[in-house]
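Below you will find one chain, with nothing else, as structure tokens; this is the form predicted on its own, and questions on how it binds or moves follow later.
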């Protein structure tokens, strides 16, 4: 059975690769698995049919051979465990790669999302001017720590893994703000992720939905 994922009919980012279906597309491209995409409007995401797949009415979802999954971390881990290319063969290295997946989603992404929300959507709030520096500091702390850990390595733990896929995807959210410019180690790390052929294919596929002329 063909893998089917869901994605925005029109992504809020206009196809810049920030919607979470890009992470799943990227993983599918890395493990060389064909897939179909079912595009959803915001209204359709709240309908019972979709809520049966994703109880919080979001995207993406993943369906294959009777299995339905939601949450990008769970989907990418499922793909990485079933197909070669995203997790090392060595048991210890494999466990470390999975740890980096959790770190990306649980430790690095939350302050980034808090910052992006404050930066983009709370500018008219009375607390914005006082709050923004605080949330930026939380992001900088995580970026400083991650920069030290990465050091001069290309990837987080040896070869590219699902941990890098998730971490790069999370860090990409900072590109529009320019915050990565103050962390050249991480800017180069993200650029290496974007340069991977699998990422380029995933990005182009999402862009084609939202901006067919640019994709062409």
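Quick caveat: nothing in here was measured; it's all calculated off a predicted structure. Residue numbers count along the first chain shown, from 1.
The same protein has a further form, the form predicted in complex with a small molecule, not shown here; the description that follows concerns it.
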| item | value |
| --- | --- |
| In the predicted complex, residue 45 touching the small molecule (heavy atom, 4.5 Å) | yes |
| 4.5 Å heavy atom contact, residue 9 and the small molecule in the predicted complex | no |
| Interface membership of residue 114, the small molecule in the predicted complex, 4.5 Å heavy atom rule | no |
| Residue 173, heavy atom within 4.5 angstroms of the small molecule in the predicted complex | yes |
| One stretch from 157-165, 184-192, 26-34, 53-61 that, in the predicted complex, holds residues within 4.5 Å of the small molecule by heavy atom | 53-61 |
| Of 71, 81, 122, 144, the one that lies within 4.5 Å of the small molecule in the predicted complex (heavy atoms) | 71 |
